[in-house]
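Listed next as structure tokens is one chain, alone, in the form predicted alone.
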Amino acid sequence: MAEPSTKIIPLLKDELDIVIPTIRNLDFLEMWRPFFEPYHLIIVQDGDPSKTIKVPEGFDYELYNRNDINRVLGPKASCISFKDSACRCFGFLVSKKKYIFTIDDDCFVAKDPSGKYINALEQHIKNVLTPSTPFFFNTLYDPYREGADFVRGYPFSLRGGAPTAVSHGLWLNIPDYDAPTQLVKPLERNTRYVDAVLTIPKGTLFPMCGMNLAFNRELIGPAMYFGLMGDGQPIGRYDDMWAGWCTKVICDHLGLGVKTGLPYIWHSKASNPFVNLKKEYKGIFWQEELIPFFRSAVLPKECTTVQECYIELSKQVRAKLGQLDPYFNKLADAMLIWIEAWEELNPPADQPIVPAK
């Protein structure tokens, strides 16, 4: 990619980590170099740990494979998925930064309708640094963007907004479809660029996609667990959606906001729909039970931290979804292990880190 015509000033350079799950050499970073090079990367290598992953020169990064995950977490490594992009949440766990941006290795720099390359990271940062409006919908979209404001009739008492915990970006080219839709529409591509950022209203769930996602780790990090997926599990490709449903319930309870819309990335590679169907088929049936579960989930007012909320949610998963399939009892256990690992690696400032035994 050609260098941008104007110099890029890296926002939050020392406060943000970029987390990338991968099984291959990271040549895709060359296109992102003007935007990513100033930042620290956390690369989570999935699959065979003996394979060498090549990273282009000039990037500041740390790379973890399965052996490293086992070394860092010990027995608690059981909560980190294997042979699934859900392994990315290990990067969330070991980061020490306030913000996280995570992206897949088949995602490239997109162009806006004028032909200008989109600095996706910059837009995510703008999203998380400005408030959300989850309690009352603003029909002019994000009122904090330049050129916008609150419309007539918007309560002045709510114009301060809520802290933004999550910024969910979108994709041009290959849409994020499930396997049945892929099979019905194999040639469909998303060419629509909508210049908008929306706050997802309180009480409304959404299917979160992890390939172009940023969040405030201090506000919502412990809820960003991508579940048990992939090798040895009966389900795959629901990792990011599981995290999104848990996160949204907790954000609603704690008065935090979730934005979706800009920025766009260029999703270059369509995954195999037949392989996806094998991974998804139980989830396609289960989600008809999962969505009502999350829509009806109520967290007690005594839960005032993300960890407390997540532990309570794990109890409800066991009580209400365990009867759907034994997998959910296993998942509830993993949710608790995840919180234990989070607290072990992210103790309060005055408490030292105790290495896993």
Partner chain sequence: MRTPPSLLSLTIDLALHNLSNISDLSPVPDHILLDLFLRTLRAGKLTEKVLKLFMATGKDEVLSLIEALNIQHIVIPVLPTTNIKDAEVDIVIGALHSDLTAFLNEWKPVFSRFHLIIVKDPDLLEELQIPEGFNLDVYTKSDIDQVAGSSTSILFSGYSCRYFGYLISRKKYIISVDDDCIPARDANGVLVDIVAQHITNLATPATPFFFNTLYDPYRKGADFVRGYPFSMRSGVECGLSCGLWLNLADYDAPTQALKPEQKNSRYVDAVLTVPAGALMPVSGINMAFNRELVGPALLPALRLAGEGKLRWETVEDIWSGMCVKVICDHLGLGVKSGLPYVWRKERGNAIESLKKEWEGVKLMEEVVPFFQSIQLQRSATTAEDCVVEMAKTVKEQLGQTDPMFARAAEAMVEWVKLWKAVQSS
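Computed from a prediction, not measured in an experiment: that's the story for all the values here. Residue numbers count along the first chain shown, from 1.
What comes next is about the form predicted together with its partner chain, which does not appear here.
- Candidate site formed by 74, 99 and 122: none of these residues places a non-hydrogen atom within 4.5 angstroms of its partner chain in the model of the complex.
- Scanning 291, 311, 63, 55 against its partner chain in the model of the complex with a 4.5 Å heavy atom cut-off leaves one residue, 291.
- Only one of the listed residues (282, 145, 111, 83) places a non-hydrogen atom within 4.5 angstroms of its partner chain in the model of the complex, and that residue is 145.
- Its partner chain is not shown here, but in the model of the complex it comes within 4.5 Å of a heavy atom of residue 156.
- Interface membership of residue 261, defined by any non-hydrogen atom within 4.5 Å of its partner chain in the model of the complex, is confirmed.
- Its partner chain is not drawn, but in the model of the complex it has no heavy atom within 4.5 Å of residue 269.
- Its partner chain in the model of the complex comes within 4.5 Å of a heavy atom belonging to residue 188.
- Looking at 91 to 99, 201 to 209, 249 to 257, 124 to 132, the stretch with residues near its partner chain in the model of the complex, meaning non-hydrogen atoms within 4.5 angstroms, turns out to be 201 to 209.
- Along 135 to 155, a non-hydrogen atom within 4.5 Å of its partner chain in the model of the complex is carried by 135, 136, 137, 139, 140, 141, 145, 146, 147, 148, 149, 150, 151, 152, 153, 154, 155, in order along the sequence.
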